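Presented below, as structure tokens, is a lone chain in the form predicted on its own.
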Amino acid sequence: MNKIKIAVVAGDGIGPEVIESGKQVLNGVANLMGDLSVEFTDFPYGCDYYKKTGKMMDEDGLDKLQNFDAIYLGAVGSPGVPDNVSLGDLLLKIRRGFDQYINLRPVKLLKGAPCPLAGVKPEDIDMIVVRENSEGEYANVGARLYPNSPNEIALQTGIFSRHGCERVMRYAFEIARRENKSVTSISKGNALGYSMVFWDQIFNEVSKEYPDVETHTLLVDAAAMFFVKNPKRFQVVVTSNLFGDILTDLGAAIAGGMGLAAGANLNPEKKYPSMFEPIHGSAPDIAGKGLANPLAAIWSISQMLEFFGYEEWAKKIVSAIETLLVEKKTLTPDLGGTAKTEDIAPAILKILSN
């Protein structure tokens, strides 16, 4: 019997609601598999914890989380807590501390999912975005000079290391080679003459190691346009921390909405735990009302299973989500239904059990 130990940081707003649905699905799948057990341990970290203690997580929080195989994160953010605090002192702290240098976000239009683009079929939107996740524009290096004066200056420094760029690019190429897909690198080398020219140079070097993989390069503004006008051209996308953050939200918008947007923060070598999360945010306006869509949280469970080698069950979960969307019997209000958050996990498990 294989066992996965999971640290749960349900977090803020709708986080606890959608995470509960994901936990139900994972427990149900483990029972169906028969050779897997899961153990959840809850941690209170988040904005409520910050309001009580002045900290988003314990000083030794990373030491506590390191003993787990994976982290399951709900959502972070709450009115009254600055966004840079809620993000920087929890989510980014975990990503950097555990060297989760791969952010993996599927942008896939499932059958039955709403799409704002006219004439687009599910097979036209099917990409995986590999985002550099530990440095780049989010490296948190900079300074504020001459504060509160007319001459005040803010400096924000992006950090791009050869090691960091090469490993995220190779990860993208390995996916493309395995799945017989193309790789598109997205940067802004025409304007960012150091960081993005460096990125482009390294992509060109790494691509020579994969002569069997078709490659493309695009400026980020052009890529944003083509995400909307011609998403079919993208299969595997590799890009920097900031560009990946923005483009995957755009990707979510064209592939069913934020309620279907899942993300994985991976340490591929498994030296540290990886973290899996829906990327929709805490949505405090609907928290506690049973209106939250937990499908992104359930999709992130699929990513977790895939990461641990259970590819077949990972695919079954995504297929079950698609079945739910096609049947349109049990959907939350954001997808045109009347179901409550707590109705979704049982419906998914019923599909998986048939």
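One rule holds for the numbers: they count along the sequence shown, beginning at 1. The structure displayed is predicted, hence computed values, not measured ones.
The protein also exists as the form predicted together with a small molecule; that form is not presented, and the subsequent description refers to it.
Participant: Choose one stretch from 71-79, 167-175, 112-120, 197-205: the one whose residues place a heavy atom within 4.5 angstroms of the small molecule in the model of the complex.
Facilitator: One stretch meets the cut-off, namely 71-79.
Participant: Is it the case that Arg96, Gly142 and Phe243 all touch the small molecule in the model of the complex, with a non-hydrogen atom of each within 4.5 angstroms?
Facilitator: Result no, not one residue of the spot touches the small molecule.
Participant: Wondering, does Ile254 line up within 4.5 Å of the small molecule in the model of the complex on heavy atoms?
Facilitator: It does not: once the small molecule is placed as it appears in the model of the complex, Ile254 has no heavy atom within 4.5 Å of it.
Participant: Heavy atom to heavy atom, is Phe160 within 4.5 Å of the small molecule in the model of the complex?
Facilitator: No, Phe160 is distant from the partner.
Participant: Would you check, heavy atoms only and a 4.5 Å threshold, whether Tyr272 touches the small molecule in the model of the complex?
Facilitator: Tyr272: no, not in contact with the small molecule in the model of the complex.
Participant: With the partner left out here, check for me: in the model of the complex, does some heavy atom of Leu91 sit within 4.5 Å of the small molecule?
Facilitator: Looking in the model of the complex, residue contacts with the small molecule include Leu91, since a heavy atom lies within 4.5 Å.
Participant: Answer with one of Leu192, Val213, Ile102, Ile279: the residue that has a non-hydrogen atom within 4.5 Å of the small molecule in the model of the complex.
Facilitator: It is Ile279 that has a heavy atom within 4.5 Å of the partner.
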